[in-house]
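Coming up is one lone chain in structure tokens, specifically the form predicted on its own.
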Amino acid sequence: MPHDVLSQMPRPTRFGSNDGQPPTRRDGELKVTGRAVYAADNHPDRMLYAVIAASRIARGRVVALDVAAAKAHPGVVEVLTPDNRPALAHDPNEKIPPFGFRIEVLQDDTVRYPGQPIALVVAETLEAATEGAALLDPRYETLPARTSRDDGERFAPQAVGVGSPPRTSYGDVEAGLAEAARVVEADYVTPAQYHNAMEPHAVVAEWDGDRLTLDMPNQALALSAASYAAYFGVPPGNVTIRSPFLGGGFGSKAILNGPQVLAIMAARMLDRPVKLVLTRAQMYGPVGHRGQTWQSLRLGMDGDGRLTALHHRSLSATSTFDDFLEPAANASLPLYASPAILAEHEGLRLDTGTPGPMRAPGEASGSAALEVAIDEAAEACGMDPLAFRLLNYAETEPGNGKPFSSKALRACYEDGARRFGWADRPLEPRRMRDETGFLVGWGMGTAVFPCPHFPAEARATLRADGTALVETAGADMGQGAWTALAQIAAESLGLDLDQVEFHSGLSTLPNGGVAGGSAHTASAGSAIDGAGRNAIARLAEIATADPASPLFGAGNIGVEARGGRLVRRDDESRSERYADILARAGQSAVVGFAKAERDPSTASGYAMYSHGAVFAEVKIDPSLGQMRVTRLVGAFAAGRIINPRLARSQYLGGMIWGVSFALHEEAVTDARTGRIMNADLAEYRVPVNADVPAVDAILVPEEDPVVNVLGVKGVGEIGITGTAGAIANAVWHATGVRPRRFPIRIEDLIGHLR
């Protein structure tokens, strides 16, 4: 396989116009023909294979490892344990901001969770390394596992998520509840869920002196390169990460983890390249997950159904050695108008790997509870769920009164309800059956996700042949960044897409920010747009100062880029090709560069969110309690859509994940041992084709002149929010049974269906 990442960048394919068009993925041909090179496809000369020996207990210490037996195996080169692992330049117990976590890299013999690395075996072949790890035959001193709310340690966190306050309060919630005509109180439970990207975590690490090259799937190239440099005591410029393709990330591949650091450590120790690929079971431990939550909501309504108070509490599970908490209660802050809102969080320490960001962190689990609670409030008021949401529609951000940069949620409600047929929904539950006698229910949920913006940089080079090279260290984990970002580049440069060569996935390129938080297109795209415009401005300076150019003297009037030409704004008959301008100036290229950051005053002055509405139909066998989602309609407003094909794909994927959240996903822990009992794709249930209903995504037009220079919002995560709640509400409408824990189980319903 080619070792040079740039050699894998796709050659342009002609698609025509750039913005708002649905060209297919530029990387699609490489992937479907098997020519896309993922991290584990790299095999440098003299490469060794590493295998993690993982703890089989949840809590205690390793008292013995048969290292001699492992090293006696033919092909085993070295075994790293706490006794011989090299020191790191940065203490792994100290976080590296902004996305740093405490990591397990054989600091000592303590075991803090099942699946924790307790040794690393390095060998000439994968088989030898695997067999060597088995020969270690660890012996443990075991302590009782803490796996539940009853035996965990509660604590008051300093922050939740990635730096959000653990408590946010507006108005007097208790007074609002006291004056309410009706009060709804309920508890909800969401399970631990695990990233199950098709591509597991992998790294191929190679040292050349104090220079480190890493082939790995990575969502945050520049930040990660700097962090690895800190761990190994080398300048950040000495670390190169190559990550052209990711087989899914969902947040987990933006975070450094212990197994990766151990593989890099082994490569340095042995002065040979080392490859480590986690097994599927090892994805359930040291590389993050969505933490379990126990949520309580209290809603007060006046006699007309308007909210008087909204109180959302969340108890979130985390590890015993780190503090990442699912910010679930914050889902109640931006959506419904109430004079009093309180969102607060508490932590629970369990013997588990540390949770981390997982697609729609906080919003997914929090909205699942909130949207069911909102439906319960509508029921208590005798109102249609959509009518209740419209009555409590927030025209400004609840609590602080900030104006929304844009908000087309009313249009989402209207378009989604019309497409779904919501007007025909009976108010009471258990009023609909299909021709087979199955119970039918319709439910809805509101979708919302914030619009963060990460600092990003890009470079655009206009070349003498009239084509362009655009570069940024971004990441395409399947969302279509290579295509959408190239479209933005073509638009800013006034070129067709087939004239733009786009390079990404390499940490030595200008920092493209983080592919996470549904912010990558906005962040990297804004930098690319700026770099393209900067290149055009430089080209215009050359042309307007050249007496031989038809654009000479147009500096005050200005020119615009169109079709590979600069055109005078006041006289379109006067224009010139980029190639001719450069040729006459004797220049081979002109280079533009830009950085993109959100203005702090914009961030503080506006509420910036994508919005949507999801409508779900379920059918339930009254004899067996089996549930099927048979229809989903989602309507979403996310500002300017660069590529409708890719945006729709993201919405559909998010809604399907919502089906998974509502009915399938759950990590099951053995209370005796603390081990996850379904750490594989056979028993950890995710939807297959037979589980996926007819899914329809509506792209609601929305213009946002504030959120960024492109008017782009995020589409990758919002589809989950609203969907899980909509399905739960449809189950209630079909059965009269209100689900309050996820995933919804047959046993929650079966006794109430006849």
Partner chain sequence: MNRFDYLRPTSVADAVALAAEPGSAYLAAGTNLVDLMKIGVSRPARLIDIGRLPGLDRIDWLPDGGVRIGALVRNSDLAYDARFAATFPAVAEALLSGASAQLRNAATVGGNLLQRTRCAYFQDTASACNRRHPGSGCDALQGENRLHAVFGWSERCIATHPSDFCVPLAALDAVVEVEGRAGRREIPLDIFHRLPGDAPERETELDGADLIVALRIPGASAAFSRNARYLKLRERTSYAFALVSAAAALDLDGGTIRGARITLGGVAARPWRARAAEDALAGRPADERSFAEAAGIALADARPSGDNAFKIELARRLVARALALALAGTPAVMPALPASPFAAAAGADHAA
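Residue numbers count along the first chain shown, from 1. Model, not experiment: these values are computed from the prediction.
What comes next is about the form predicted in complex with its partner chain, which does not appear here.
Heavy atoms within 4.5 Å of its partner chain in the predicted complex are found in exactly one of 411-419, 124-132, 449-457, 571-579, that being 124-132. For the residues D670, D151, E141, E185, the 4.5 Å heavy atom test against its partner chain in the predicted complex is passed only by D670.
The listed set W207, W442, F404, F438 contains one residue whose heavy atoms approach its partner chain in the predicted complex to within 4.5 Å, identified as F438.
In the predicted complex, its partner chain lies within 4.5 Å of some heavy atom of L624.
The shortest heavy atom separation between A682 and its partner chain in the predicted complex is within 4.5 Å. Using a 4.5 Å cutoff between non-hydrogen atoms, R745 counts as a contact of its partner chain in the predicted complex.
D83 falls outside the set of residues with a heavy atom inside 4.5 Å of its partner chain in the predicted complex. Applying a 4.5 Å heavy atom cutoff to its partner chain in the predicted complex picks out R56, H73 from 48-73, in order along the sequence.
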